[in-house]
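Below you'll find only one chain, the form predicted on its own, shown as structure tokens.
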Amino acid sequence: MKTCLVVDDSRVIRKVARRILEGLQFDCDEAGDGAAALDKCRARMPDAILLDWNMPVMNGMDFMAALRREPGGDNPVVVFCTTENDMQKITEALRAGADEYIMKPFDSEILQSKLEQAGLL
């Protein structure tokens, strides 16, 4: 079973994403900020990461930079999931190593499509 780490400071977003991902046969874990997510990745690197941009402690961009420096950190498919809709921000995330980008609010169809495009489904 593929694994996905949902990283968002909103408990509601994590719950919604987890429900969708589990319906797509992913084993899910959650983190409320980038620092906690990095600890979880060090313990068990997931196949995919659904990542918020704006979070306390460590934001999504800082997390992704740190993740990509970790052993095996270049493997997870990172899908930014955020309210940041500025094309410059999207380009910045993709250049920094994100594989896909979706806007909040999202639904199961959008998330499934992005995971298919990334080769995870």
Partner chain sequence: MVTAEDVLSIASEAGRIAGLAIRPEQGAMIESRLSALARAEGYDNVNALIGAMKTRKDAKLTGAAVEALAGRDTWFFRQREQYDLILNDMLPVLARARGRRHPIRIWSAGCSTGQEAYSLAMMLTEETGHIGDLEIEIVGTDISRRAIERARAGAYSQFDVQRGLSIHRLVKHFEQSGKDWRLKTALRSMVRFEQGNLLTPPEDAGTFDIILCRNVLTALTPEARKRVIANLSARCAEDGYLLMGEGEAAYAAGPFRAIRGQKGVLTRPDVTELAA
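Numbering follows the first chain given and starts at 1. Remember, it's a predicted structure, so these values are computed and weren't measured experimentally.
The same protein also has a form predicted together with its partner chain, omitted here; what follows describes it.
- In the model of the complex, its partner chain lies within 4.5 Å of some heavy atom of Met87.
- Contact annotation: Ile102 falls within 4.5 Å of its partner chain in the model of the complex, judged by heavy atom distances.
- Heavy atoms of Thr91 reach within 4.5 Å of its partner chain in the model of the complex, making it an interface residue.
- Remark: Ser113 counts among the residues lining its partner chain in the model of the complex, judged by a heavy atom distance of 4.5 Å or less.
- Annotated contact segment (heavy atom within 4.5 Å of its partner chain in the model of the complex): 92 to 100, selected among 67 to 75, 46 to 54, 92 to 100, 30 to 38.
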